[in-house]
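Heads up, the chain below is alone and in the form predicted on its own; it's given as structure tokens.
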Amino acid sequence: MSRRLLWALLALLLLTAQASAAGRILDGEVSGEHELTLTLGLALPADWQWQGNVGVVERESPDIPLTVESARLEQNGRVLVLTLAEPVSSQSAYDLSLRPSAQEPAEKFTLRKGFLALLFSIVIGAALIQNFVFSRYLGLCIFFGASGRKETAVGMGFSFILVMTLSAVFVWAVYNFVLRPLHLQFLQVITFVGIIAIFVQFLDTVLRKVNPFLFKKLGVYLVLITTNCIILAVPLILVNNAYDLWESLALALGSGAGFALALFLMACVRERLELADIPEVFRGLPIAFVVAGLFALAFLGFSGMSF
């Protein structure tokens, strides 16, 4: 019995330590068009004055504070509901500061989606909503050059995903552990291109030995991955958005999957077009541009999606 009591006290101490380490603010969510709701671990007093003790900024615009019009306490001071003058969105992230009293320091809290929901939104956003080919019109050289046959498109798609994923992980590590600590951010483009070139050369060597047929099919387009604007855009985006490792990996996978999807769809249509009765002036690259434009219009339908 005494042993059970000891374990119960130990568990209680651990829970108390976790609660105190987590801080006063446990969780937060966007509860309305102008409302943010915070769940508190320690209740605020009923006479707590919110004017001057609470602040909200959007993470993308940290220099522009949002106007808090009112604040109310619910559930005996354990829930704080903030009403803002500006509309808020569950797709954005917000940095909040809360001062319980004049004697206590302000506590910082970042309100954003859950971790898995955030990674899922990054993957879907990069693959469909902001597809690099049909929405941003990047990487068109390889897109038109490698989309003549489905087997070539599939091989290039997997090669692209592999290079993009590995390079994104190494770029994140080099930038955060080498370039930024040494204040060498001005070398990021040269460094990123060098890292990408290493993985492209590695892939070139592997394909030459493992799959010579696909290597010949890809030809010069395999080498062009090094200077492809999508491959370089992903490291620049993850650096500018200060993504962590998992967010960088999600961005790379989503971007690579979106490019592979665009290649495969285009290859399917171009194979069918070879059997179609197309006017001579549209044969070849002209009709490919027309099809790409139609795909771009179709992908605009994803622009209204939100997660």
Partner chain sequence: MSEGQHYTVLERLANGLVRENPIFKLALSMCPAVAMTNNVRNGFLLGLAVLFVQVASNVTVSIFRRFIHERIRIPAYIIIIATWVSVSDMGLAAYAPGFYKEIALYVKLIVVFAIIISRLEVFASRNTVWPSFWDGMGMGLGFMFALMFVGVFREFLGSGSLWGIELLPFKPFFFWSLPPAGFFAIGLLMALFLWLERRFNAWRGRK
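For clarity, every value in this text was computed on a predicted model and none was experimentally measured. Numbering follows the first chain given and starts at 1.
Just so you know, the form predicted in complex with the partner chain exists too; it's not on screen, but the next bit is about it.
**Q** Is N228 near the partner chain? Define near as a heavy atom within 4.5 Å, in the model of the complex.
**A** Within the cut-off, so yes.
**Q** Residue-level question: is R136 within 4.5 Å of the partner chain in the model of the complex, judged on heavy atoms?
**A** Yes, R136 lies within 4.5 Å of the partner chain in the model of the complex.
**Q** Contact between A276 and the partner chain in the model of the complex at 4.5 Å, heavy atoms?
**A** No - in the model of the complex, heavy atoms of A276 and the partner chain never come within 4.5 Å of each other.
**Q** With a cut-off of 4.5 Å between heavy atoms, is V281 one of the residues that contacts the partner chain in the model of the complex?
**A** Because a heavy atom of V281 falls inside 4.5 Å of the partner chain in the model of the complex, the answer is yes.
**Q** Using a 4.5 Å heavy atom cut-off, indicate which stretch of 154-162, 78-86, 102-110, 230-238 touches the partner chain in the model of the complex.
**A** After filtering at 4.5 Å, what remains is 230-238.
**Q** Only one of L118, V169, A93, V189 has a non-hydrogen atom within 4.5 angstroms of the partner chain in the model of the complex; which is it?
**A** For this set of options, the contacting one is V189.
**Q** Which residues from 240-256 come close to the partner chain in the model of the complex, meaning a heavy atom within 4.5 Å?
**A** Stretch hits: zero.
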